[in-house]
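What follows is one chain in structure tokens, specifically the form predicted on its own.
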Amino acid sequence: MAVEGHRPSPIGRGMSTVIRTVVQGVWLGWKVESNWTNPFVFLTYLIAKPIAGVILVGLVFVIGSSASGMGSREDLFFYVFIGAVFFIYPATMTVSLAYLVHEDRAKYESLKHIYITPASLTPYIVGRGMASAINASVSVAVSLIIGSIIFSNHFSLPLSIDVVRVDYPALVASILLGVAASILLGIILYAINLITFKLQYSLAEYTTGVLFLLSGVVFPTSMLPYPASLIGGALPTTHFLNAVREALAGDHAYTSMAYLLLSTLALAVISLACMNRVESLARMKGTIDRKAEY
């Protein structure tokens, strides 16, 4: 009597499909973003812009503190510098995912093929977001090292990070939650661009600009007028940057991490509901395989 082999449950097959889609999205994202030139040119491109942005923010701090006559306070420099460095994560990932619709639909004309695969678009977007997070991690690490060397040696502004006091578990957990929140925000931008045209550039730039202003990158959100301060206090990017600063300083970061977790969960509900609704609209309007002519 033959014994029938074990068959995976529908839930198991579904999870396997989702995982494969995420992995393939990571692999494809890495290939698309890195395979257009040789590794040296790609690495230069990967780190040049973020380093320039971080150094620019640092120089603005030096010039502003000198002009105000308050001197170069190391605690304020730490706040500004760490905020500018780790803001690379949401800035890089939101721009990448906002542009993804145009890339797949108009440039490579592959969105219609991706859409009819067994897995939905969401795991694919998550995979592409994770590939962007890997690139952002390289930019963050290099910017942190080079920026610290430049400002400590030439402007007498050492970055006060005691490697012994750093709360490494809180730092890693905060970065992972920050990456998740950035991917969820990218899903919302992807959904908007799925039913619109010619917004991928402006929408991404407007979003990163608003996040830079409201997320406490260079000054606390409490300095913003109401209701901007209320909006900034609800953003996961605000709590992400606060948690990273506190973890690097060796302070108690778990309150900020709790707020980061709650705001990320709320963003997950909003982004997934938005994506499901937009997919239905995109099918009815025929925007999934429509090619925009410029």
Partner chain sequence: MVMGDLMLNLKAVYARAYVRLKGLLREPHWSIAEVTIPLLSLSAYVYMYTMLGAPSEYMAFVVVGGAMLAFWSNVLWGMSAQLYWEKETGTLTYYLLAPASRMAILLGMAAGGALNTTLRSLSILMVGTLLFPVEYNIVEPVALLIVFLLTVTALYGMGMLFASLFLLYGREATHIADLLQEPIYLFSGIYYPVLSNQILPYAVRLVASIIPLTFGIDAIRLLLIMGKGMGDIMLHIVGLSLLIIVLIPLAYIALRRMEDTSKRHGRLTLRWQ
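Here, rigid core means the biggest group of C-alpha atoms that superpose within 1.5 Å across both forms. Residue numbers count along the first chain shown, from 1. Only a predicted model underlies this, so the values are computations on that prediction, with no experimental measurement involved.
Form predicted in complex with the partner chain: not shown, discussed below.
Engineer: Counting any non-hydrogen atom inside 4.5 Å, which residue from 52, 269, 230, 258 sits next to the partner chain in the predicted complex?
Structural biologist: Result of the distance check: 52.
Engineer: Only one of 110, 160, 202, 156 comes within 4.5 Å of the partner chain in the predicted complex by heavy atoms, so just point that one out.
Structural biologist: When the partner chain is considered in the predicted complex, the option within 4.5 Å is 202.
Engineer: Where does the partner chain sit in the predicted complex: which of 41 to 49, 22 to 30, 261 to 269, 239 to 247, heavy atoms within 4.5 Å?
Structural biologist: Comparing against the partner chain in the predicted complex, the contact stretch is 41 to 49.
Engineer: Could you confirm whether residue 209 comes within 4.5 Å of the partner chain in the predicted complex, counting heavy atoms only?
Structural biologist: Although the partner chain is absent here, residue 209 would touch it in the predicted complex, with heavy atoms inside 4.5 Å.
Engineer: Evaluate residue 80 for contact with the partner chain in the predicted complex, applying a 4.5 angstroms cut-off between non-hydrogen atoms, and reply yes or no.
Structural biologist: Residue 80: contacts the partner chain in the predicted complex.
Engineer: Can you tell me whether residue 76 touches the partner chain? I mean in the predicted complex, with a 4.5 angstroms heavy atom cut-off.
Structural biologist: Judged by the heavy-atom cut-off of 4.5 Å, residue 76 is in contact with the partner chain in the predicted complex.
Engineer: Would residue 253 count as a contact of the partner chain in the predicted complex, using a 4.5 angstroms cut-off between non-hydrogen atoms?
Structural biologist: So residue 253 does not count as contacting the partner chain.
Engineer: Counting only non-hydrogen atoms and a 4.5 Å threshold, tell me whether 62, 65 and 223 all contact the partner chain in the predicted complex.
Structural biologist: Every listed residue reaches the partner chain in the predicted complex, so yes.
Engineer: Enumerate the residues of 231 to 265 that have a non-hydrogen atom within 4.5 Å of the partner chain in the predicted complex, in sequence order, or give none.
Structural biologist: Residues within 4.5 Å: none.
Engineer: So, does residue 255 move by 2 Å or more at the CA between this form and the one not shown, with the core held fixed?
Structural biologist: No; residue 255 is a residue whose C-alpha shifts by less than 2 Å between this form and the one not shown when the cores are overlaid.
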